[in-house]
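Only one chain is shown below, in structure tokens, and it's the form predicted on its own.
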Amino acid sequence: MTEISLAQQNFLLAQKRHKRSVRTSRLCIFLLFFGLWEVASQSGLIDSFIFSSPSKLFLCAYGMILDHTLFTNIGITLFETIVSFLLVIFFALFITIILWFNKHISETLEPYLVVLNSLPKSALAPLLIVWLGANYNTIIITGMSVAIFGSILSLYNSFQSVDTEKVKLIYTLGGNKFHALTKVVLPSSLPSLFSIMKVNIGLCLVGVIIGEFIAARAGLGYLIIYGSQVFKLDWVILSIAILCIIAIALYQAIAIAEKYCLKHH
């Protein structure tokens, strides 16, 4: 028994060392990248006007914080992304449940969902602006359009792949389709739902930026397109870096929620 316990302890220590090594390697790559970028910019190996540098980005961010433009634009993009993400999850779940309840509707709509999912969503953005106007609603709908159809198809496939024996057991015990949905299908599809959410948060962010490129007067997408037009490339690169941070933070938030929900499920 002691030997097994020691083996387990050694295994856990090895796992901790491995995780620590991975985190250290990631940090080293991050610092090396920014260090080489700064050195190359200062030494003239790359044009600091075009490629900027970490020090210039820091000064740019500091200046934008002082004039209250940085957090305002971050907040707008973050708000649009979260709203579009929540709406995608709500409507994807709602429509998928309808499709699961009615096989005739699902078989009828399936080819249309496939076609809509295959459409290049960037082509829809100009039309949405003409139809709805250049406002927050258009940008949020653009963010939704990138993710919603794929979410419905993926979630419906997850519903269909649930163990049929468990569903039959519900019916055998006198339950109905609603009981099968709430007791078997939804709980079994929870891991798939969180996987879809992890993908969707990035897709919604992409869709929002596409909308801001065309319709916005504020937001990180607006800063990118405006900065490129007036050759304020520090704005462009800083906005892209912030978008990377936002994407990582939102993904990690969903991962934490997933661990909590699955642990208490």
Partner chain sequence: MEKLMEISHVSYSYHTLEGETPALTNINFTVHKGDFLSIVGPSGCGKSTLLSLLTGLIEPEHGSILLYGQKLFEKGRGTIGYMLQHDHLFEWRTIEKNVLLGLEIQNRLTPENQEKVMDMLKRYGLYKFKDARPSQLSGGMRQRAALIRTLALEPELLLLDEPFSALDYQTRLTVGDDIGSIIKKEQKTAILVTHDLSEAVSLGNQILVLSKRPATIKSIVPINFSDTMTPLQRRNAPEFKDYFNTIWKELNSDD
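All figures in this text were calculated on a predicted structure; none of them were measured in a lab. Positions refer to the first chain, counted from 1.
The discussion below concerns the form predicted together with the partner chain, not included here.
Would you point out which of 106-114, 164-172, 85-93, 67-75 contains residues with a non-hydrogen atom within 4.5 Å of the partner chain in the predicted bound form?
Answer to the contact question: 164-172.
Answer for V184 alone: is it within 4.5 Å of the partner chain in the predicted bound form, judged on heavy atom distances?
Yes, V184 sits close enough to the partner chain in the predicted bound form that at least one of its heavy atoms falls within 4.5 Å.
Answer yes if any heavy atom of S122 is within 4.5 Å of a heavy atom of the partner chain in the predicted bound form; otherwise answer no.
Contact check for S122: no, nothing within 4.5 Å of the partner chain in the predicted bound form.
Might S188 be said to contact the partner chain in the predicted bound form, defining contact as any heavy atom within 4.5 Å?
Although the partner chain is absent here, S188 would touch it in the predicted bound form, with heavy atoms inside 4.5 Å.
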